[in-house]
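Next up: just one chain, as structure tokens, the form predicted alone.
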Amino acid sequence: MKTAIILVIVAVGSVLFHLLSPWWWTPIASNWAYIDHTISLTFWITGAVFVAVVLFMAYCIFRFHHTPDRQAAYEPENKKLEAWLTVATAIGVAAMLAPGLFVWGQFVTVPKGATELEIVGQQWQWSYRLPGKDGKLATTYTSLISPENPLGINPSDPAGRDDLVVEGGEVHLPLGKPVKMLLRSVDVLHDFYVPEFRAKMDIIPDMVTYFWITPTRTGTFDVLCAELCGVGHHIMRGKVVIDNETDYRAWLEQQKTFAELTTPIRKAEGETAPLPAAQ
């Protein structure tokens, strides 16, 4: 009897803790409210199953507890019960998977006209690259990475001359415009995560992963690495700033292009040949 009461208290207490707890997600700052809705749906489905199972256990303990005049019945199988459990489980799993697949389809279907932003993860900092006036990002190769070219941009690619490079600093994004996030790593697994965006993605060496967002409010937000990437994992943080159009353009004007960053180095090495001209 005491065990049954304890189980009821656990079920009721769990529900009350969720309803009365002040904890919730940080205020959203992108178009991905779908993520919140999907997580909430999953939570309520699994929560309802949890409460039902715990209360059922409490009922069974109370209803069928041992008494001197009661003898246990041996019933190794109950096909009707098994069928109902199979159907209910299948419906519950489908109810959780379907919204997730729907949101995932939207998550990786980038709208036309989205701005591109390359995010480079490396132990233990974030770097960024944006296309210049030509609207194109140059090719990159891991073999080209060096202290002078930390992102491995191909100097022979004309599209790279005006690529804007932000190494280890904060990155800015325009308010209300879709942005395609291109993610790559130069060493180990990382995961780009901004809690307010409700968007994250693993970054895998020798692969380019992606997702897209549309920022919905201005502000400065923390960038985290959500994949254990070494002893400096906890300090792999950054900032992303959402600006209005005027401020965003002003920030862009202050950024250095790949050509501007490499010219002093090339001059110091005595190289006089210019980078390939843009076509």
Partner chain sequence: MVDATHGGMGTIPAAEVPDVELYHPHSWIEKYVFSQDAKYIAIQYSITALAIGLVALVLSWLIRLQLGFPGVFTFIDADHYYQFITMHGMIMVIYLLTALFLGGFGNYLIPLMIGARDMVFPFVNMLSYWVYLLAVLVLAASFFMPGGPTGAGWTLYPPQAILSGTPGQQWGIILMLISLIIFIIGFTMGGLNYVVTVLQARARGMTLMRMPLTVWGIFTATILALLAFPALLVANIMMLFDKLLGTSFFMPAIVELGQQMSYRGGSPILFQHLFWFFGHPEVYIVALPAFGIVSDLIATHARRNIFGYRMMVWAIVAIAALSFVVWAHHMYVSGMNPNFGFFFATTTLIIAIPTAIKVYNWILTLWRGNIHLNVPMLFALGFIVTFVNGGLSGLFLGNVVVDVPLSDTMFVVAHFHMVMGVAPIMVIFGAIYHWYPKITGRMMDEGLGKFHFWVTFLGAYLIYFPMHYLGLLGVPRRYHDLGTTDFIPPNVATLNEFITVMALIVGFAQMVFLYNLFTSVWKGKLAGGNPWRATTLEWQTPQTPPAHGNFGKDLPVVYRWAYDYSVPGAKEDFIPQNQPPSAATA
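Each form is matched to the other, and the largest set of C-alpha atoms that superpose within 1.5 Å is called the rigid core. Numbering follows the first chain given and starts at 1. Keep in mind that what you see is a predicted model, and the values were worked out from it rather than measured.
The discussion below concerns the form predicted in complex with its partner chain, not included here.
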Indicate whether T220 is a 4.5 Å heavy atom neighbour of its partner chain in the predicted complex. yes
4.5 Å heavy atom contact, K177 to its partner chain in the predicted complex: no
Can you tell me whether K136 touches its partner chain? I mean in the predicted complex, with a 4.5 angstroms heavy atom cut-off. no
If you check in the predicted complex, is P158 within 4.5 Å of its partner chain, heavy atoms only? no
Here the chain appears without its partner; judged in the predicted complex, the stretch of 112-120, 128-136, 200-208, 168-176 with heavy atoms within 4.5 Å of its partner chain is 200-208
Please identify the residue among L252, V241, I28, I61 with any heavy atom within 4.5 Å of its partner chain in the predicted complex. I61
Within 4.5 Å of its partner chain in the predicted complex: residues from 69-96 (heavy atom criterion): R70, Q71, A72, A73, Y74, E75, P76, E77, N78, K79, L81, E82, L85, T86, T89, A90, V93, M96
How about Y141 - superposed on the rigid core, does its CA move between this form and the one not shown by 2 Å or more? no
Return yes or no for M96: a CA shift of at least 2 Å between this form and the one not shown, with the rigid core superposed? yes
